[in-house]
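Encoded as structure tokens, the following chain is the form predicted on its own, with no partner shown.
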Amino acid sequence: MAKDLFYLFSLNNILIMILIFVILFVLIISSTPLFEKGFSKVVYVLTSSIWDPVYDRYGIFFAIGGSLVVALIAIIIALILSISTAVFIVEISPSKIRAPLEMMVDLGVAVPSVVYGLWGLFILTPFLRDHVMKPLIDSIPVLKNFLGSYSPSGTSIFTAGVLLGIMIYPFATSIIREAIKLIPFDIKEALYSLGLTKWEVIKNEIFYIRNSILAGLLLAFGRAVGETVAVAMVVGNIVNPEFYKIFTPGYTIASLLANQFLNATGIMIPILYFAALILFSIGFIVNIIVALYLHRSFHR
């Protein structure tokens, strides 16, 4: 029986690998009309931020940059929330409420993206506009040159990053929480025997599991960079070459695909497939880096 289960799981892994290569093959084949126009055309698509269906001029640099900025904001927020939540649950909270807290955090992973998107659009967006963006720009006008002007609706790259950080933090928290639990008890005893306070022990524990924290955040980044529905609802969906001004609306690759694909004609279709190929490649490369990093860490 155990042998049969092993073969079944092995077959599932093989099927997953085949599916990945099929997706990659379809994206490459569908992008072929763009590649046939030459290397200079591909470079233009990658480096231009012009999206003009009238003259068939399409560049996706603004979407690539928007995706990376949104994911970076999300990772910073997830880093703060996930470490603090994991430490609180494992090391600080009373044992009676520890299991309910873990369950509540884990349930955050199961909430559909569209629910996060609706909450972000009607609750988070006005809150960030009225209590973060507006006060900052009004009190320090010079920040407008660096962060941009917030839109009346409040939808922005910053809003998308914050929402995405809240979405992925339960996933990162569960990884960090389990890593803290796996710290050998002997190490904790040794730290306390040296006269360290509880907070000093916690700091040493965080340093001890730094590899797990990095792995959890990289996996969360792979999840963040490809999120579509929730991000599309709050990012603003405006072609914005200045995507680094996070208070302004913008695009991500995923939201660009969601908004433009149904209306795509002509050369726009292979360009959107090419954008999807880039998005797939980013997630694929991040997961490979995580796998290699963990393999190297475990075999030191």
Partner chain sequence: MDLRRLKSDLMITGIIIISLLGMIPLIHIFLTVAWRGINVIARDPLGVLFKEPPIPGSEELGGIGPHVLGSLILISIASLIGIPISILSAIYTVEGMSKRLGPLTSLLVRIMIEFPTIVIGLSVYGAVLLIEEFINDLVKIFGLGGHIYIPRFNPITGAIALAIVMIPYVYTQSEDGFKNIPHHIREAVYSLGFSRIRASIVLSSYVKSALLSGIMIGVSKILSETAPLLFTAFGNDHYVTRFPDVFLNPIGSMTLWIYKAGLSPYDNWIDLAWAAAFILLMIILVLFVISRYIIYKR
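So that the term is clear: the rigid core is the largest set of C-alpha atoms that superpose within 1.5 Å between two forms. Computed from a predicted model, the values in this text were never measured in an experiment. Residue numbers count along the first chain shown, from 1.
The form predicted together with the partner chain is left out here; the points below concern that form.
Heavy atom of each of T197, L257 and L279 within 4.5 Å of the partner chain in the predicted complex: Contact check passed for all of T197, L257 and L279.
Proximity to the partner chain in the predicted complex, single hit among I202, M133, L147, A179 (heavy atom within 4.5 Å): Here the answer is residue option I202.
Touches the partner chain in the predicted complex: F261 (any heavy atom, 4.5 Å): It does: once the partner chain is placed as it appears in the predicted complex, F261 has a heavy atom within 4.5 Å of it.
Touches the partner chain in the predicted complex: G154 (any heavy atom, 4.5 Å): Because no heavy atom of G154 falls inside 4.5 Å of the partner chain in the predicted complex, the answer is no.
The partner chain contact in the predicted complex: V26, any heavy atom under 4.5 Å: Within the cut-off, so yes.
Residue contact check: V69 to the partner chain in the predicted complex, 4.5 Å heavy atom: No, V69 stays farther than 4.5 Å from the partner chain in the predicted complex.
Within 4.5 Å of the partner chain in the predicted complex: residues from 208-246 (heavy atom criterion): Residues within 4.5 Å: L219, R223, G226, T228, V229, A232, M233.
Did I285 shift 2 Å or more between the shown form and the other one, C-alpha, core superposed: No, the C-alpha moves less than 2 Å.
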